[in-house]
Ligand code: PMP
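Let's start with one chain on its own, the form predicted on its own, as structure tokens.
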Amino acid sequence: MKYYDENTLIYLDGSYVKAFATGLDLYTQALHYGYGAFEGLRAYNTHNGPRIFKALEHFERLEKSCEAINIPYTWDNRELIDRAYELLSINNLRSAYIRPLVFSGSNMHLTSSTEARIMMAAWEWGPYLGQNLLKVEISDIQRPSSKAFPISSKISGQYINSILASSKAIKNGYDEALLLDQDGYVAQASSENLFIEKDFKLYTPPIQNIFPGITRKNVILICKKLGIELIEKRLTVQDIHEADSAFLSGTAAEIIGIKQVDHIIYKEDWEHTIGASIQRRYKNLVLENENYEVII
């Protein structure tokens, strides 16, 4: 898809500039080594106007991601939220995906950055994985170890694994991939968290070897509000194959049900699953059809 045209503006280092005329540095470590951090936020067209869901939480996580890999973070998060809303306004967007990116300066050495820049772009983007139930495969590409990489941060270079896994899954006729951790347990999808339903309970992998998604956190809070029993435990491939149903969660993907994992097709009708109930509640939440300050 095309993310911008000759009129699209982005936020770059305090100014709004044409996306095609940024003149970005070709010697940055972010380009050569993937040394950068990013976030993904969604703005929804609510009855209160365009609203960015959990904006402060996302920008605070961006700051923590930079701190985790020693990239200077000199911006005020509440000011960045204001800039994000301005970005929506000047691009005439009401529903959009917003991508802030902090990238390091010129440096060909393998040393921590002493300077950084920030860019923020926004574009119209439906649910990342579409709206149909997914066919998912267990990937042979392993999720990075928490001992080798700060996997709780959204670091640019980390997503090479995700690109390889999801690209291979698509080539094999699937929509998405599930990655195992270093101990052989199912961790998550390429960029989404995983939940499975079994005997009217939900299960999801614990934080230790997964990305702690903000949407994941809100799914857990919705479960508490609705009285749904949710258990965090390490899941085997057998657990996934023997589940009654399953779904993925993420800011870009939102809540999306899984039809099939490998050759196993789930027998439970999605519309009658716990995941479908959470999907409906989450949509009401982000559209502010409910008082989310009470729910979350």
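The structure presented is a predicted model; accordingly, all values stated were derived computationally and were not measured. Each residue number is its position in the shown sequence, starting from 1.
Not pictured, yet referred to below: the form predicted together with this ligand.
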item: Heavy atom of R51 within 4.5 Å of this ligand in the predicted bound form; value: no
item: Touches this ligand in the predicted bound form: G213 (any heavy atom, 4.5 Å); value: yes
item: Partner contact for S191 in the predicted bound form: this ligand, 4.5 angstroms, heavy atom; value: yes
item: S245 within 4.5 Å of this ligand in the predicted bound form, heavy atoms; value: no
item: One stretch from 134-142, 182-190, 220-228, 75-83 that, in the predicted bound form, holds residues within 4.5 Å of this ligand by heavy atom; value: 182-190
item: Members of 127-163 lying within 4.5 angstroms of this ligand, judged by heavy atom, in the predicted bound form; value: R143, K154, Y159
